Structures are given as C-alpha cells and as structure tokens.
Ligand SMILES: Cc1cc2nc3c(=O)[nH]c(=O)nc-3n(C[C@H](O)[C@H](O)[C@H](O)COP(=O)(O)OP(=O)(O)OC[C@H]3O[C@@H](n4cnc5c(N)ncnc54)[C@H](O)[C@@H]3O)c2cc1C
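Consider the single chain below, provided in structure tokens and representing the form predicted on its own.
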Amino acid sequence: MTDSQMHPSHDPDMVVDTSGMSNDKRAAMEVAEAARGGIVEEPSFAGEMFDGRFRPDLVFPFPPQSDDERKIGDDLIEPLFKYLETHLDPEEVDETRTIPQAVIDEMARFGVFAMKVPAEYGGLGLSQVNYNRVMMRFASLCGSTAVLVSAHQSIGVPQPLKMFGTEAQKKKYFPRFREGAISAFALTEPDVGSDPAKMATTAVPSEDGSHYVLNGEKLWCTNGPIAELLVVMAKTPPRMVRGREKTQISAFIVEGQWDGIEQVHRCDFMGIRGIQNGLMRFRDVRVPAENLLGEEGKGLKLALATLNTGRLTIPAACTGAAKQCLSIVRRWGGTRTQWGSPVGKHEAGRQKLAYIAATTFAMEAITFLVSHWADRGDMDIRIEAAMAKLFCSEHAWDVVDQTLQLRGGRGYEKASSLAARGEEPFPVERMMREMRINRIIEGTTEIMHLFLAREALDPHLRLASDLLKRGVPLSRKLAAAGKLVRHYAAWYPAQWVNASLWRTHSEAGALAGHVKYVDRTSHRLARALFHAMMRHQSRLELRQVLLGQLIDIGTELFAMSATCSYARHEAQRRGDQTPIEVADIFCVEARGRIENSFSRIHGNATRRNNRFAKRVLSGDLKWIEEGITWIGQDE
C-alpha cells in the first residue's frame, strides 16, 4: 500500500497539515490555503518584521506624490465636492435611505464611477493615492455615498476586471462605468460567513460549454439592488486531485437585468442607511462562458487579490471621518465653556484632543504609505493592507466615541435636531452609526487577526511543514529536521543579539528613539511568535486571543514606522516641526499599548474566561438573566 493510500488526506502541496481534521474543516482549510497562492517575491515590510528582520529602507524616506499627480487629484476633488457640498444632504440621505438620483447622475458625469478604470478604456485612471484622497473626502461628508462609490470601485467589477479580465471583457465593460454603470460584489450567503467551502451558490456548465447555469442566494450584497453589473462567486464542478474532490470557486461577471435574478429584500442597517444592500436570488441564470472572470477554480484567489487594494478604501474612509471629528472637537473644545474654562482645556478634554489629533495623523500615514506601495507595485502589501484596515477601523471607532463624549448630549443628538434649534449641526451621532461597520465589513477584526496570524506564521510553517505533516516519507522528515535545525540555530540567537543594539536610525531624525524601539521590539515580537508556536504547536490556531495580541503588537509597530516616516516627510514639506511633535505623541501612546499587549500574552485571564464562557453557554448562569422581558422564542 502506498503512502498516499495510507493517508488519503495528505496533500504535499499544503503547508498546513490537514490529515487530522474533519472533512468540513479540511475542505475549508484547503480552499483558504489555495486562495493564498504561492511564495511572493516582492518584499513585505511587516512580513519581514514578524520574522525578525526590520527593514527601515522600505519605509524611509516616505514616498512623495508629485505636483503633477497631486494636481490630477485636485482637479477632480475641488469641483466634485463644490457640487456635493451644496446638493447632497447627508442627514436627508440617512433619514430617507436614499441618495438622490440627480446626485448619482452628476457624480457619473464627473467620472466618479470610472475613477479606477484605465484611461485607455475611457476612465479617469486615478492612482491609488488619488483615489483614496477622493474617498477620504467622501467619508468626511456622507458615509452612505462613500460606501456606494467604494463598493462599486474597490471590490465591485472595476478592480477585479482590471486585474484579471480578458481584453475582450475590458473593452466590453469598462466603458459602461464611464457612462455611470454601478457594480457590486456577491460573495456572502445567508448560511455562510467566512467559510467559503460552505458556499451553496453553483454555476454548472452547459453540455456544449457555451454558458453556465447560476443558482443560489447572496446576502449583504452592497449595491446589489441597483447594480448594472456584478461579480458573483459560485461553486463550479469539483476537481479530482489524488483521488479526492477539491472544491472549486469561480468568479463571473453577471448583468443585473438578466432573467432569473431577483431582488428578494433590501436590508436596513444601524448606519450608512442610504446604501442599497440586499438579499439576491439567482434562479437558472444563464451566464455566457466568456463571462468567467479569470480561471475556473480561481475565484477566491481573485477575491483576496482584489481585497489587497480594495481594503485600502476603508483606511482612507476612516481617516476622512477622523479628520472631521478632529475639526469638530477642535472648534467645540475651544468654545464650549464648563466650570469656568473651555472643555478642551480641562485635562480630560486635553487628553481626548491629543489622542484624536495624533491618531488621525497616524491613520493618514498608514493609508498613504500603503497606497503609494500599491501604485508602485514593487511590494507585497497583503499584510500591510490588512493591518491598515485593522488599525484604522479600530482607532476610528475610538476617535468618534471620544468625539461624542466630548460633545456630551449634543454628540448624542441628531444633527437635524441641533439645526432645528439653531445650533451647529455637527453630525457626530450619524458618524458613530456609520463608523461602526468598518470593524466588520471586508473582514471583521477577528478575521483580520486570523488572516494576519496565518501570514505572519507562514515562514515557520513552510520550514516545518514536512516535519509536522502525517504521511511524509521518513527521508523527507529527516531532511526537513536538518533544515529546521540549521535555520533556527542561526535565526533564534539573532533575535536576541542583532544590529538593533547599535543602529542609530539617523534616517528618522528626532524620532530615531521611536524607530530604535520598533527595531528592537520587532525581534522581541519574532521571539514571542516563535515561542507561541513551540508551546501550542498545532493548537495555536485555537489561541485566537494570543494571536490577536501578537498581531496587534505588529500592527502598532508598523503604524509607528509609517508615522515616523510620514512625519519626517511632512515636516520637510511644511517647513516646521509640528508633524514631528504629533508623531512623538502617537508613538508614546503606541508604545504603551504594545507593552500592555506583551504583558497580557502570559496572563491567565484568557484561560479562566474560556472556562467561564463554557458555563454561560451551558446555561449554568442563566439566573443572571432573570428580571428581563424575553425577546424571541423561549427555550
């Protein structure tokens, strides 16, 4: 009997051992791993940092935007928002759940729906930096309109078509976006969260191969109810690999008016209430074979590749909203008097102002750094784009929360109510409702932690995969063991004694002390990640709190690096040292958060809470719920 017959679940191409997993978990893991793709040759600043290699040359100096390139962005932003600021009422959009069609039509005239469409196909061909400048401005005005534009452009048809479409597909569909066509992305299903292996929507090829027959339902499809074009993910027939079926997920360009497409329900949300988002049903929809986007079975890889840059819209939007919050607290904090002085001059108010200003600056630094990298195309930004999304969405929520707190009752009151009684209609209440979705959309905070942990662990998993997996011949295990010993014999001591002990980091100027801290702490993080692997081994994936803390440390280190570099750039551009002072405030706060995360890694609270949660689920503590009126079905 051959080795593969003894261990039918063994796949030599898989880095992660799936032999001990259930069929469902193995299928999900195989789909997810296949979507990641192979080794990427381009450098990753954060990826190398997790492996104990700090590369300041990748961050310093901060990449500048040329005057000509900046003018391209200005020439769109200035007239577009001059129109929107007088014709778009965000409070009315929120109240009526409707973005006026006249406004959408005018945005189309400006080319808003073709911002990322290459110029040769009639689009504006904006760089990622200029596109994110536009999205930052949109989010500072109206979250619903920002989502309409970003869902269409960042993850809807334009981005994947640009990356994976055939020339015929590009010529057919790109010009329609310049005419105002709106697109959507359909992946999530009612019974499927972040597990693509459970996808139920199918696309079955016809006997003659001329088309696919699409059947299924898609939930939370932003722009879906009004989309002229959609990217729809569906299962195509499985492929046999080593005698076992492998799930295939493919992507298709679908026209919204085709027969068999039904808009079942338009969802209503806590915030961004003007968006068109719904439950869609596909019944025997005939999709021409030429509308397959990319290769069959490569749909999830397409989706993840699209998200690498698509996710950058969220940091840009969060930064725009945070800037608006900063403007509000600066004006309110300096004029609202309590107990004899403005609220912004009380110590509690000053702390809020300092946090909001410094954090907003850091969010901008991260957004533009990764956007520049996306434009250059010489960096692997998978980790950094996810970190930008994680950092900005988490901190933007804190920023708007502190803004509301500083505003007090006026922060809780609707802007329309404030205006009706003659006060400045600062829309903090609406902004809070709109901001909350950013910690969920395009990957929840928890999913971001797991995604980043998998990427951070990848170098170690690749080295140890043959040693850990079942069914690998003894000769390969011995070779892997030897390779592992040689690598870690050099790597591990270098995480204790290395160049961080004597590097001065003069490139950071007055912020060199903070960059030295990042350099030194990146090695400490690499050690902590390695120790966690050795301690928990195959069960490390279950230690989600531990992994989250390690990822948060790495994200803060990346944020510090980006902020120091951006501050140097802005100080030189502005001709004053204010950006250096702002970066220093941020870095001191970030260092405190990092040290707190390190201290929690070895604590016992997580283990105790895990045991306690089991008792909650079992009903042992149901007595705490006594005294309420039950909502929903009784048990």
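So that there is no doubt, residue numbering starts at 1 and follows the sequence shown. This structure is a prediction, so every number in the text was calculated from the model and none was measured.
There is another form of this protein, the form predicted in complex with the named molecule, and it is not shown here; the text below is about that form.
Stretch 215-223 is the answer when you ask which of 459-467, 215-223, 416-424, 484-492 has residues with heavy atoms within 4.5 Å of the named molecule in the predicted bound form. Contact check for F269: a heavy atom falls within 4.5 Å of the named molecule in the predicted bound form. When the named molecule is considered in the predicted bound form, D94 lies well away from it, no heavy atom lying within 4.5 Å. The shortest heavy atom separation between F185 and the named molecule in the predicted bound form is within 4.5 Å. The named molecule in the predicted bound form is approached by I275, whose closest heavy atom lies within 4.5 angstroms of it. Of the listed positions (A559, L312, I155, L369), a single one reaches within 4.5 angstroms of the named molecule by any non-hydrogen atom in the predicted bound form, namely I155. Note on contacts: among D74, E295, E446, D398, the single residue with a heavy atom within 4.5 Å of the named molecule in the predicted bound form is E446. For the three residues A108, N130 and A181, a heavy atom within 4.5 Å of the named molecule turns up in the predicted bound form in no case. Using a 4.5 Å cut-off on any heavy atom, the one residue of 449-463 that reaches the named molecule in the predicted bound form is L450.
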